[in-house]
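To begin, one chain is listed below as structure tokens, in the form predicted alone.
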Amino acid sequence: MTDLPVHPLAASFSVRLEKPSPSDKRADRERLVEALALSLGEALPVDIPLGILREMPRFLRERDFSLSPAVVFAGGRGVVASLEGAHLYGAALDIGSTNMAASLFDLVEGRRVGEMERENPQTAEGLDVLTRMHAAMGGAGGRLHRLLVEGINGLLLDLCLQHGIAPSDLYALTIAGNTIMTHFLLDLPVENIPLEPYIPAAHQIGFLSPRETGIAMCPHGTVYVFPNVGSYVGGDVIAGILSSGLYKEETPSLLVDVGTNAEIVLGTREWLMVGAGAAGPALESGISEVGMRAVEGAVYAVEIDRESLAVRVRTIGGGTPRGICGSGMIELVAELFDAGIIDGQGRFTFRAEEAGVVRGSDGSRAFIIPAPGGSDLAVKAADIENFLLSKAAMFTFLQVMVQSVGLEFRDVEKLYVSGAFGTGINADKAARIGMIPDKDRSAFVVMGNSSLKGAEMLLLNRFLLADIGHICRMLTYKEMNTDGDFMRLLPGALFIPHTDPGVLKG
């Protein structure tokens, strides 16, 4: 993102006020508000917090009525966040169930300063959100809230310190997360989310003050929380739609975001349908002993020689393999199948046994990936079985979504991939095992963290608030896991690539 911000959520304005005189007895506050209205060039009410108002008379006279106040934008209002905004920064934050990612921006230059990611500290209370919700319903909600806020503050502090920036110079923060993470962040009750009819405490959150959220930044800054449209369609999905531009497409396109859960959006500029369900466990670090996040040491690419069955892997950072991330698991299963090490049902073959690439591991047979200088990685039969469940659910979600509106995969122009699924994915190998439709590779747009990108876009252009409202109004939700067609079609997708390969064609 290199373009200059169009209208960031925080900006500094140099103004020179007319000095008071016998013929001009306007108060200091009204004098500044009128000057800022002229600088803004738009009819936007401007507020000045009481704490800043108390400092203003002395400040104005010390500066001879020339100043450069920082103004933050909170919906339809501007708020003077400081009387001198020389250092103006903002941050975008994606709160995932497993990981949190933040990016830091110089809002004057519209320049990304840095990025940082770390584990969501709530994982100490449960790897999945259902476990955490049950804990909250048992009285642990306050602790989960504190863990998350402390984790966010630690992440933002370290990111700022890494670049020599004071957290008090953070004037704007945009936050995207799923519905449950948003509720934990704001200490909202979650007990009605997992129970029919699945009602969150709030859909629209909007702008909050840092004091309300507990975020350590400029105390008069602004915090925007992306809205959700349902219990399982949160602000991360809205941010992903925004960053992909799917809501502006002339022809049908798909957005696939897979992390702990899977969210799929299908639509055009005329309509949007979203579905969500559990399809991502095999792409997460907690599913097996060798699973890990896409960090240094994670295997992200795999090649197996068809003759010798020798394994070559590439890791993030180029060092010794420590585990396998989501994209690595996709490549591994594709290579195992193409090399004849597993059959169409994911079972180890006689060839694999004969070649000695499979051996017992803790009472279970496993494919061994050598790790010179470290511990060999053992991919167990159960790991492959779990992966095939996820890949089958993933493809069936796509199939049901597309068919439910009378379309086929050939009618879909683009397929945006995001989340753990979209981090370094090899679309060719994912299609070969039947995880995604077998479309021309130019149709795939790999986005990485689309939720974070959407939060960044809003941070740099407040007029995208109108687009966010438009997206929310366009969305229709489709429940996936209880859909009759999903249960009927799922068994066929458990096979590699599929019991009916024709359905893969796009």
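Remember, it's a predicted structure, so these values are computed and weren't measured experimentally. Residue numbers run from 1 along the displayed sequence.
As for the form predicted in complex with another copy of the chain, it is not shown, yet the points below apply to it.
- With the partner omitted here, the stretch from 467-475, 48-56, 437-445, 454-462 that lies within 4.5 Å of another copy of the chain by heavy atoms in the model of the complex is 48-56.
- Between the options 308, 320, 204, 345, the residue in contact with another copy of the chain in the model of the complex by a heavy atom within 4.5 angstroms is 204.
- 200 is the sole member of 200, 267, 85, 291 with a non-hydrogen atom within 4.5 Å of another copy of the chain in the model of the complex.
- Though the partner is left out of this view, residue 192 does reach within 4.5 Å of another copy of the chain in the model of the complex, counting heavy atoms only.
- Although the partner is absent here, residue 187 sits close enough that one of its heavy atoms falls within 4.5 Å of another copy of the chain in the model of the complex.
- The closest non-hydrogen atom of residue 24 lies within 4.5 Å of another copy of the chain in the model of the complex.
- When another copy of the chain is considered in the model of the complex, residue 42 lies well away from it, no heavy atom lying within 4.5 Å.
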